[in-house]
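Taking the form predicted on its own, here's one chain by itself in structure tokens.
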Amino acid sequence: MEDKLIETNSPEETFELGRQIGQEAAAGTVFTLIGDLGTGKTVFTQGLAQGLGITEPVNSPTFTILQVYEEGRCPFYHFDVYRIGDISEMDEIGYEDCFYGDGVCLIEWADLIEEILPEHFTEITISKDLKKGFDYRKIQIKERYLG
């Protein structure tokens, strides 16, 4: 996927962008999702899940850290690491099986665990600009290579 800057003007447009990305995502893809509270990370993630063929409700796993969905065309590993107190908690969850497994992985608040991210991932950053309207979102998509 090439680097992109996309602007959406409604939750429906943000959802649709997520759905399109989900349709194109291949097994083994890792997405990181960065944005302040209320920027639409969950809406985007719900769209991505639908693009993977997941029909069950998708919510942010803030308190469980990881939610696994297996009904789509490949497993979907949805992390929300906002409440991670220590990076060792990720070992306890078995993150490596997800990051390097046969599914699609999406990590909300990934900037908090950057030291364990894989060498290659797609970084998605969502931000608001209230001057452009309440529902306006700027979504930056960048391929990242660490190391």
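In case it trips you up, residue 1 is the first one in the sequence shown, and so on. As the structure is a computational prediction, the values presented were derived from the model and not from experiment.
Keep in mind that the form predicted together with a small molecule is missing from the display, and what follows is about it.
Not displayed here, the small molecule is kept clear of T32 by more than 4.5 Å at the level of heavy atoms in the model of the complex. With a 4.5 Å cutoff on heavy atoms, G47 does not count as touching the small molecule in the model of the complex; it lies far away. By the criterion of a heavy atom within 4.5 Å, E16 is excluded from the residues contacting the small molecule in the model of the complex. Although the partner is absent here, V81 lies well away from the small molecule in the model of the complex, with no heavy atom inside 4.5 Å. Only one of D86, E92, E119, D36 comes within 4.5 Å of the small molecule in the model of the complex through a heavy atom, and that residue is D36. A heavy atom within 4.5 Å of the small molecule in the model of the complex is found for exactly one of V43, I65, L52, A110: V43.
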